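Below you will find one chain, with nothing else, as structure tokens; this is the form predicted on its own, and questions on how it binds or moves follow later.
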Amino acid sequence: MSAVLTSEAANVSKAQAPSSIVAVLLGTGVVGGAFLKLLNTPAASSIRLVGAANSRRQQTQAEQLADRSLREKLKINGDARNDASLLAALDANEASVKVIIDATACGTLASRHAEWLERGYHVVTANKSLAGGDLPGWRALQAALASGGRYGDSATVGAGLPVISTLRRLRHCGDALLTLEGVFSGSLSYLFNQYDGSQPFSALLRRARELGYTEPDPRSDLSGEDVARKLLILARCAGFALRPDEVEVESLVPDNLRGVDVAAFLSRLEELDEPLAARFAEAKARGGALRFLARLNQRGRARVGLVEVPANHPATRLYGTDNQFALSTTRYNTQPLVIQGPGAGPEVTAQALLGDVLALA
């Protein structure tokens, strides 16, 4: 018992001690919850949490923020959500770095990123809605960065794999992207790496959702829209000012399942099985495989969708939730630069958030 009390006292002491970085966390779901766990590790000792919120409730009291059960307690207790008071908690500190961490997928919150940057806060995010949304929003974000705030977006693509940073570094060095191809979705990677005809696609999808590889509504993954947002982010980082409607997107969600609520969709997953089984059988008969690929060429033509690839295609050698990004550039022309690794999961995504926060110091 004394050891537990000592640990809790240490957490409260950290919450009250001066830190070089103070942060507000928006979103305490799967990724936000994993981030809260990382805050209790030595690597995060320079970060002090001064506010945390889910969609309905928030907490700004130091003792409560230091509680290891913060995420669970916020589900039933806490003040009503009030973003103004969360920002006031940041403003009340003298720390040199003040950061807003957006661990949600909320488009309304993402639309405020530029505003927060203009007000002098840094923003670290896993939310793709702004950078991968309408082109005016992307341009507003770039303009806001002139205010001096920094935008940590490593977690928006590849769950922290160094693809965004690599693209920016290559471009800064005068290199230019010629083509980009790969598997950008950890959930779709897992599904089609595992899908071999021995079990229905719907069974695999339920398993992927249980493991936390898909969004709560798997249609966000199956529609291809999530991959399209990631492709837009990478294309824009490479200098292609693409609009969302310039990305051709193939959805795996049948028309009759697109308008139903989440519960109804989950109860009707078996309706996905027959069309995908037919495509799998056709590909297998030709010695190929199915992979959900994103592609961009040097003319800015972009497409996202299910592709039959030969058995020796690089995407057939992925494992688990691996993402793969193959970049051909003017200098990586003979052989593409390939970045590959786990591209889904709350722990690696939360680590990407933590890395971006620590880089602000």
Ligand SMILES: NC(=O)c1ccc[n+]([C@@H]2O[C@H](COP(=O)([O-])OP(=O)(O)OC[C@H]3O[C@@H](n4cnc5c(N)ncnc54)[C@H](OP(=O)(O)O)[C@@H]3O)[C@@H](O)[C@H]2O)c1
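Small disclaimer: the values here were computed from a predicted structure and weren't measured. The first residue of the shown sequence is 1; numbering continues from there.
Same protein, other form: the form predicted in complex with the named molecule, not shown, and the subject of what follows.
Looking at the named molecule in the model of the complex, residues G182, A294 and V307 place no heavy atom within 4.5 Å of it. Between the options A44, L36, A53, A315, the residue in contact with the named molecule in the model of the complex by a heavy atom within 4.5 angstroms is A53. For the candidate set T60, T28, T329, T321, a heavy atom within 4.5 Å of the named molecule in the model of the complex is found for exactly one residue, namely T28. Contact with the named molecule, judged by heavy atoms within 4.5 Å in the model of the complex, is confined among 165 to 173, 137 to 145, 106 to 114, 183 to 191 to 106 to 114.
When contacts are judged by a 4.5 Å heavy atom cut-off, A126 counts as touching the named molecule in the model of the complex. Looking at G345, you'd find a heavy atom of it within 4.5 angstroms of the named molecule in the model of the complex. When contacts are judged by a 4.5 Å heavy atom cut-off, A155 counts as touching the named molecule in the model of the complex. When the named molecule is considered in the model of the complex, R81 lines it closely, a heavy atom lying within 4.5 Å.
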